[in-house]
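To begin, one chain is listed below as structure tokens, in the form predicted on its own.
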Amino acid sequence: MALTHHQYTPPALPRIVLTGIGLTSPNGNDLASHRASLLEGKSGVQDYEIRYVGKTLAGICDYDALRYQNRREVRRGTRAGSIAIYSCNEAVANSGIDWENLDKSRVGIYLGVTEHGNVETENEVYELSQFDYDISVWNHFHNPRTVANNPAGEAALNMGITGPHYTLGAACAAGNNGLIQGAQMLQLGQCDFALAGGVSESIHTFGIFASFKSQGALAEHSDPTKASRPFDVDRNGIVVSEGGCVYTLERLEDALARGAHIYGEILGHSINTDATDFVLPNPERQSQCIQLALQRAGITPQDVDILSTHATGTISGDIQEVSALRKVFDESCKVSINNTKSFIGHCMGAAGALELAGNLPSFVDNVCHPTINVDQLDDECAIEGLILNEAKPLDDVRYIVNNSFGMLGINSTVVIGKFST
């Protein structure tokens, strides 16, 4: 008897929506202040000095670390953990969920990081050197501080969450990837409420500054607020920044049942790999990542209203990304293209999540924030739709595409839609 082959149709997945946002960035400690700074053209980059490297520039957060922790807890933990605790608690408060009566075993935490543990190890080795390398002075909290799951784990301890928690190492694509992981775990039924996004403590490790400087990729400018300048002909590198952004994610039916405010819906996403170089991006793979995310979202390039670029302000990286965008978006597209790093620098593991947050209010006010510090657009970065130096009113915003790319060739794209029943 011959077998009949049928095309497999996967079951429909639950729709996932964003219901709360908690963040700290170099230009604001909540969504309202972060967004206002973007519309006003206000940079959060400032002068900074770090051991061995000396004077440089950075995006520094100024949030209230004691809002959700006491002084002993802050000293015992890590900067990344503190940022995670602040952002997670703020997201829960913003979501309006009945947190006290929520089953914490059904809450998951999924936080992207670029790196973790370097800060603590550098500091401990330095302290050791001050005591003739007597290991008795080594901090006994070093191991829990440096394990890869630390930021999400610290948040779980602080909030009494007993569901799954982990961090995702995804270089500078990590903020997007935390969001993707949270959505997938909700769809798989592994949790009922997800805290997802990214965090970074990168400005506290001299190694990152030293490495970028040795590569000639560390931004310099006499005016710190003008140092981060993606697409500009005089761009000269990355401004290293810290930050955090966490979303509460829920299945649509759960969000509607409790009358939650919905910021947007995750319609599609994609992660792929260049597999070509440690550092240099591959525009062919980047464009494929964007196209796959659009396909999964069920929309075309012509449907996209706002695209948030990853562009870091390096000479080659910005050119390669624009090359990737040209492969996807042609003259028939009405997309408005912007960049958030020009305001806050590169927040590494938090970058993608923070950059998305800055654009989400566009669903309500129909305004696209600009890329600032573009005094002279590099011809090789020119593409139709770039919004430069001043915010632009739009007729309507229905779809936002968020790009994040990272070292070792990891690419991620998330498509968010204005919520509609």
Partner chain sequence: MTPAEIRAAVIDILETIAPDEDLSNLDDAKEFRDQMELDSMDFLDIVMELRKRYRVQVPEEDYENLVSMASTVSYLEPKMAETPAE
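Since the structure is predicted, the reported quantities are computational estimates derived from the model, not experimental observations. Residue numbers count along the first chain shown, from 1.
The protein also exists as the form predicted in complex with the partner chain; that form is not presented, and the subsequent description refers to it.
Chemist: Would you confirm whether the three residues Y63, R67 and T162 all fall within 4.5 Å of the partner chain in the model of the complex, going by non-hydrogen atoms?
Modeler: No: none of Y63, R67 and T162 comes within 4.5 Å of the partner chain in the model of the complex.
Chemist: Just checking whether N101 would be counted as a contact of the partner chain in the model of the complex - the rule being heavy atoms within 4.5 angstroms.
Modeler: N101: no contact with the partner chain in the model of the complex.
Chemist: When the contact criterion is heavy atoms within 4.5 Å, does N139 count as touching the partner chain in the model of the complex?
Modeler: Result yes; N139 sits at the interface with the partner chain in the model of the complex.
Chemist: Using a 4.5 Å heavy atom cut-off, state whether E127 contacts the partner chain in the model of the complex.
Modeler: Yes, E127 is a contact residue.
Chemist: With the partner left out here, check for me: in the model of the complex, does some heavy atom of R258 sit within 4.5 Å of the partner chain?
Modeler: Looking in the model of the complex, residue contacts with the partner chain do not include R258, since no heavy atom lies within 4.5 Å.
Chemist: Of these, R326, R76, K334, R296, which has a heavy atom no more than 4.5 Å from the partner chain in the model of the complex?
Modeler: Residue within 4.5 Å of the partner: R76.
Chemist: Which single stretch, out of 67-75, 303-311, 335-343, 83-91, brings residue heavy atoms within 4.5 Å of the partner chain in the model of the complex?
Modeler: Careful reading of the contacts points to 67-75.
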